[in-house]
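A single chain, nothing else alongside it, follows as structure tokens in the form predicted alone.
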């Protein structure tokens, strides 16, 4: 299925956007691993929707505006993105860090969104001051991080044959992830008090084996959003769209239908 990629100029910086499919809009906000516009799950979603997949500044070799120093700048950047893309009555689907971004946007104004899907999202703290709600992906060895994030570590990307260009892009993605999520780590302390503003039907879709943010964290997150549903996908970790693509798409379509 053919895709169209363009770079749009905004009042602050620019944004690379990939579109695929036709039909109602589905705005997909990727996580800390970078754009998934080339992943097979996009083809599946594009069977019923026009999938609109922006790349966050700093990921996949894109430039970060000089004044960006955290998630608040990214949220306000995306308010301009919504205007430029003429997002109206769209499904908003955010993955991991993109789920946090989606929750922030929806808590500001839900008028542009028909339904919201948060996939293994970060963004809130649900435990006490000393509880580790979200595993420290920057502080554990790569092998341990893989075990946390995948039901089957064999499903992780093979890094052994990557080119220098691909390794540079991965390093840039990790730097961008740190920029947006480092302090406070992976959450906004004020967001839980704002989630009651989300008025669109909301689904939290989770990998049952996620060790970065567990299903208990996901259920607590869902409790903060009015009438939100929580669904766990077996044999999947932090990226259920990758480990269980068909089941993931089935759950998305069932919710949207």
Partner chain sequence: MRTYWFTEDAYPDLPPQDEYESIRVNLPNGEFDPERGHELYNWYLDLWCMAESYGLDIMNNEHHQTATCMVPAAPLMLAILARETKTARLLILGNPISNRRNPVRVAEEMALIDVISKGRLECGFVRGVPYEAAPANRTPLRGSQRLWEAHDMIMKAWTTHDGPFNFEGRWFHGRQINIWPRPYQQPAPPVWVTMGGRPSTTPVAKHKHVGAVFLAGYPRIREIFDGYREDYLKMHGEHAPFDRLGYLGLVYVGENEKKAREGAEKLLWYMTANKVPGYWSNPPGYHPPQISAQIMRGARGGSGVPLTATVDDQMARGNVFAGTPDQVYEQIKNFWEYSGGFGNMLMMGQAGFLTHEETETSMKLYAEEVFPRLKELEASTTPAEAWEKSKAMEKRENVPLDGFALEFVR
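Residue numbers count along the first chain shown, from 1. Just so it is clear, the model here is predicted, and its values are computed rather than measured.
There is also a form predicted in complex with the partner chain; it is not shown, and the following applies to it.
Novice: With the partner chain left out here, work out from 119-127, 103-111, 77-85, 166-174 which stretch has heavy atoms within 4.5 Å of it in the predicted bound form.
Specialist: One stretch meets the cut-off, namely 166-174.
Novice: Would you classify residue 183 as touching the partner chain in the predicted bound form, given a 4.5 Å non-hydrogen atom cut-off?
Specialist: Within the cut-off, so yes.
Novice: May I ask you to check whether residue 72 falls inside a 4.5 Å heavy atom distance of the partner chain in the predicted bound form?
Specialist: No, no contact at 4.5 Å.
Novice: Are any of the heavy atoms in residue 217 no more than 4.5 Å from a heavy atom of the partner chain in the predicted bound form?
Specialist: Residue 217 lies outside the contact set for the partner chain.
Novice: With a cut-off of 4.5 Å between heavy atoms, is residue 190 one of the residues that contacts the partner chain in the predicted bound form?
Specialist: Answer no; every heavy atom of residue 190 is more than 4.5 Å from the partner chain in the predicted bound form.
Novice: Tell me, out of 195, 203, 64, 232, which residue has a non-hydrogen atom within 4.5 angstroms of the partner chain in the predicted bound form.
Specialist: Among 195, 203, 64, 232, a heavy atom within 4.5 Å of the partner chain in the predicted bound form occurs only for 64.
Novice: Within 89-106, which residues have a heavy atom closer than or equal to 4.5 Å from the partner chain in the predicted bound form?
Specialist: Heavy-atom contacts to the partner chain in the predicted bound form: nothing from 89-106.
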